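Just the one chain here, laid out as structure tokens, in the form predicted on its own.
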């Protein structure tokens, strides 16, 4: 019986059979690496804002407390964004006529909110409570980075489920304030009694963040 394919065709076919699964595996690996990269999560990217607000000036140079603009950070689920009235506390006298502040004056005149865009917004299926975290010693920089050094506010962490779980598994080693509280509690333990271990079972429960 005559040979249907030449030796060259057979070689090419074998090479294709070998390279196809390798290429698929490499593509899957690259896709997986990309999905876990900072770029895929928008880390380092600013969001367009109605007014080019500078955290490095307000929080850095002027030392304005974060809670002055984000009033709900200590007690509410949402930290909140500054209203036009909050901004005009200073800007009714400072840079009052600056063209860059026209959206602020318009919002105040029409009694409409400023449309700030969050760079760290979580998806709707993930529940996060600012007050619960702040009360346990989580600082702003833990999740948002050094905003007082940012001319444009950018996302500093992935805020992925994996990133959050790293802290939930071992919060004491990542939160200086919380670690100090634990250390004080351990000193108060009676002599010869082992300190109580920190219970992270609730922090690792799916229903804590997915309600």
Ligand code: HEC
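Numbering follows the first chain given and starts at 1. Keep in mind that what you see is a predicted model, and the values were worked out from it rather than measured.
Here the subject shifts to the form predicted in complex with this ligand, a form of this protein not shown in this document.
- Using a 4.5 angstroms limit between non-hydrogen atoms, residue 37 is distant from this ligand in the predicted complex.
- Although the partner is absent here, residue 102 sits far enough away that none of its heavy atoms falls within 4.5 Å of this ligand in the predicted complex.
- Using a 4.5 angstroms threshold between heavy atoms, residue 89 counts as touching this ligand in the predicted complex.
- This ligand is not drawn, but in the predicted complex it has a heavy atom within 4.5 Å of residue 139.
- Contacts between 50 to 66 and this ligand, taken as any heavy atom within 4.5 Å in the predicted complex, involve 51, 52, 53, 54, 55, 57, 58, 59, 62, 64, 65, 66.
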